[in-house]
Ligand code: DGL
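The chain below stands alone and is given as structure tokens, in the form predicted on its own.
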Amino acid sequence: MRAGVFDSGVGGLTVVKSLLEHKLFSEIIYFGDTARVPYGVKDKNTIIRYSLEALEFFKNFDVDIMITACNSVSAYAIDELRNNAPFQISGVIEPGVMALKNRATSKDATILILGTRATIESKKYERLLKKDGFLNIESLSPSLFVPIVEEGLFEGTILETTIQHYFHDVKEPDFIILGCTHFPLIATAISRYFPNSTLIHSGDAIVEFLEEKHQMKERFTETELKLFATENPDGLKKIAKLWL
């Protein structure tokens, strides 16, 4: 079983980490569009175009499924990808919503969605959650989190000050959806600020989704990981060693 994992940059490695830990695939091919990151500030048509170009890349490999780890791609390009792909396509938004539904004991649960500007403006998380009866939803785009993570600042004064800047007026929610693949890397700091909130992580959610919806129960003893990037592949490999 082979998977392609696509992200706008390096953040999707947090999804890869969950896939590796659960041994769902014999091979994972990761493709980061590092030359054009971030996608979260780009318009819908550009995100779709870049996503279809990534699809052409994965057509060179015998993958069984392509996972779009990027929430912005999952928000805007998932239908176009499915219409043009010869293999299964999975985003991370539907899995995130499913993971929350599996944990929420009440439709009155308060939910905070964190994501890039593009993801938040798409309102895809909100639409899916409201369709399932969740109405107490707040959305926030803490745009400085991404460059902070890219700098490797997973702890410390800069991160703590930035968290205080974005969250000082936010009432602690029951659930926080980490709607950007960078955000799990600062999940500990977010949990310190909101100690009673349950965090929904795209990587763990996609594993749960694949097991439940795609009936992926087989486990592989080893997973071969191949890393590709549109720019600075050595940088991607260096970050993978640190994060994985």
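Here the structure is a predicted model, which means the values were calculated and not measured. Numbering starts at 1 and follows the sequence shown.
This protein has a second form, the form predicted in complex with this ligand, left out of what is shown; the following refers to that one.
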Query raised in the report: Among 207-215, 49-57, 193-201, 63-71, which stretch has residues whose heavy atoms lie within 4.5 Å of this ligand in the predicted complex?
Result: 63-71
Report task. Consider I148 of the chain shown here, and say whether it contacts this ligand in the predicted complex, taking contact as heavy atoms within 4.5 Å. Result -> no
Query raised in the report: Taking heavy atoms only, is F31 within 4.5 angstroms of this ligand in the predicted complex?
Result: no
Report task. Verify the contact flag for I177: yes if a non-hydrogen atom of it lies within 4.5 Å of a non-hydrogen atom of this ligand in the predicted complex, no if not. Result -> no
Query - Any non-hydrogen atom of I186 within 4.5 angstroms of this ligand in the predicted complex - result: no
Query raised in the report: Since the partner is left out here, which residues of 104-139 would have a heavy atom within 4.5 Å of this ligand in the predicted complex?
Result: T116, T119
